[in-house]
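Before any questions on binding or motion, here is one chain by itself as structure tokens, the form predicted alone.
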């Protein structure tokens, strides 16, 4: 029983990071109808930025977190304006947008290696204790932080998208850009903000997972594909589905590693994705939910 509890907490923590990446994918798809494969590497950049602010510059953790989010937001905004928007203005096929984001992901990877080196960097623990007791088992406090942060992000995104003027404008622009522009909404600006928010969310995942796994150049590459899988499982384009899909994937993957074999965890994760594509391609949250969120 203690092992099961340990695995569940670890799986939910990892799933929380997947959820943060998945929410970024869903936001971008809802705002622009496009897919990106740079989210995982933005997580890597966020982890390195957090490391720089917190460990090297000795800034308070909350300040490091806010600065990391701000820089990541700017990166996401400039990515949309400097690359995605330029290509869209040329009326290129959507596949070229996807290829451009793949190229950007490699630029982020190699840029991070050039700036911070390729070795694994130690990210100092945020808390004064190495473990806390939960239901009779000792867990890393950063694990609980990942779980809580992912849920808080989903709640904040829900209120932002449904209760604020900017969020309402973003939803309107995503539903019908021509009608939104006729109502005075700056669709281009709203799309750029969405990409910035998605990047900021991914960076949060990087700074939270750093103390648990260390920080290295390829940290976000596998996490990014798992986040994409979680978004598909939950219902691609749905924020709530992204949250559920990411948590479910992290939980199942960890249980397989604990009870069967750690070598099968990645294989099992992608098998689950294929099963979802065959059995329920609209994800846990169906197509109607995707349209309503």
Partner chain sequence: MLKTDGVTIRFGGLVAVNKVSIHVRKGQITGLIGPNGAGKTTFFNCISGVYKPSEGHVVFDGKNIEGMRPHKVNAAGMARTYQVINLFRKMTVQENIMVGMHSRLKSNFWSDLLRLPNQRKEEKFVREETEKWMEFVGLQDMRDHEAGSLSYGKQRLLEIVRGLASEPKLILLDEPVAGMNSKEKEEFDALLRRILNLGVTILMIEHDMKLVMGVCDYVYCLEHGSLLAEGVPEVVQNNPDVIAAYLGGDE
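This one's a predicted model, so the numbers in the text were calculated from it and none came from an experiment. Positions refer to the first chain, counted from 1.
The same protein has a further form, the form predicted in complex with the partner chain, not shown here; the description that follows concerns it.
### Task
Check each of 133, 115, 178, 95 and return the one that places a heavy atom within 4.5 angstroms of the partner chain in the model of the complex.
Contact residue from the list: 178.
### Message
Can you work out which of 106, 213, 160, 127 has a heavy atom no more than 4.5 Å from the partner chain in the model of the complex?
### Response
Flagged contact: 160.
### Message
Heavy atoms within 4.5 Å of the partner chain in the model of the complex: which stretch in 115 to 123, 165 to 173, 218 to 226, 205 to 213 meets that?
### Response
Going through the listed ranges, the match is 165 to 173.
### Message
Against the partner chain in the model of the complex, would residue 74 count as a contact residue? Criterion: heavy atoms within 4.5 Å.
### Response
Contact with the partner chain, no.
### Query
Contact between residue 78 and the partner chain in the model of the complex at 4.5 Å, heavy atoms?
No.
### Query
Counting only non-hydrogen atoms and a 4.5 angstroms cut-off, does residue 156 reach the partner chain in the model of the complex?
Residue-level check for residue 156: yes, a contact with the partner chain.
### Query
Should residue 110 be counted as a contact of the partner chain in the model of the complex, where contact means heavy atoms within 4.5 Å?
Result no; residue 110 lies far from the partner chain in the model of the complex.
### Query
Are there residues in 179 to 200 with a heavy atom within 4.5 Å of the partner chain in the model of the complex, and which are they, in order?
Going through 179 to 200 in order - heavy atoms within 4.5 Å of the partner chain in the model of the complex - the hits are 179, 180, 181, 182, 183, 184, 185, 186, 188.
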